[in-house]
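Next up: a single chain in structure tokens, the form predicted alone.
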């Protein structure tokens, strides 16, 4: 018997990072999808939110998206699934979203429903015990294997869940699922796999939907798309009136954020997209066939870890003087020397980002010879205390004004300041962990729970 196709509505590629566009969302809702889903996490935002256990977006933006999705899902009577809650998927972010769902249920007098949720934080003790047993925690992307020193530098760790906790919570009867940190595509793949569709297509469905309208053209973020899975194909359709899912836009999306557009690794295997075939199905829809999911012989899960480096301040300097621009490296070295004179060589960090030269790409910038008529230098000072960070940054910024350059007969003034003061910034964190660890069970790090909301 041929399975009935399932339709998945995704309004947002990073829930909470910017509010969803409701016009295309409700156009999609009116087509009566079988699931409403979104990913809420990303490591694009850097290690700060994970290390400090915060969200990077205003709470109201997150509440906005959850409210629209919840009301639509309960009106249609279909499951709503959110993965990597609150940017990072830490336990506190999962709790935050569960509480928001409960508050929204009360606010709108929704009939009682079940909320399933799972955690994904990993304790340092857990990894230390693994290391004591001689297990290797492997580094990814050229990182060395995890050391005790790396572990000690870490404040918080999350593991990237696979489809398993989502399937378990659906089996438990959850109407709404709030997930901890998860691989993006598994949020969508899980209900499709549970319904009996091939893993090859289910994981691809997740891959193409994870960023919502990023797989459509022309560009328009936060617009809704709908993915349909059958036993033979995946179809993806743009809901915004001006957008289309084309062969180019869908195939091109595979390259987004990726060094290799063909492979997607998740807990339990790898999605191979090298033999995918893309066809224009209708004006707004692209059809995809040919993905292959390759199961792995062991359970290896990816870990993300973040550790605090120090407190941070920021200074901003502008330069218009051609001679100072020509000698910008000497100006910066002068300012660095004044910081060393005050604090020595260690115990702080001082970073200069020269916008107009290589402020975005740093040493990777291929254009080495610049002709900018003005530069903006952003100075970051990082130190153990706020007071020291402020002073490091102030010296490192202000002393650019007094740089002693050869052939200059005047006193100072080659640099102007946007503000006289330096500005407090969020503490500085660094990625301490981009590793994989072997599990005995795919649910080992992802405990599941069920609660209720509504009346």
Partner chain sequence: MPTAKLADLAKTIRSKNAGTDKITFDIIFREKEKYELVKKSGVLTPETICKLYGIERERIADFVEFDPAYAIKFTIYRRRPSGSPGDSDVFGCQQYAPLLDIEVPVE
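Numbering follows the first chain given and starts at 1. Note that this is a predicted model, so its numbers are computed, not measured.
There is another form of this protein, the form predicted in complex with the partner chain, and it is not shown here; the text below is about that form.
Just one of 334, 126, 300, 262 comes within 4.5 Å of the partner chain in the model of the complex, counting any heavy atom, and that one is 262. The single contact residue among 380, 324, 237, 243, judged by any heavy atom lying within 4.5 Å of the partner chain in the model of the complex, is 380. Residues of just one listed stretch (41-49, 409-417, 390-398, 27-35) have heavy atoms within 4.5 Å of the partner chain in the model of the complex: 41-49. Within this chain, residue 329 is remote from the site of the partner chain in the model of the complex, having no heavy atom within 4.5 Å. Put simply, residue 428 is close to the partner chain in the model of the complex: some heavy atom of it is within 4.5 Å. The closest non-hydrogen atom of residue 272 lies beyond 4.5 Å of the partner chain in the model of the complex. Using a 4.5 angstroms threshold between heavy atoms, residue 195 stays clear of the partner chain in the model of the complex.
The partner is not shown here, but in the model of the complex the stretch 336-355 reaches within 4.5 angstroms of the partner chain through a heavy atom at 349, 351, 353.
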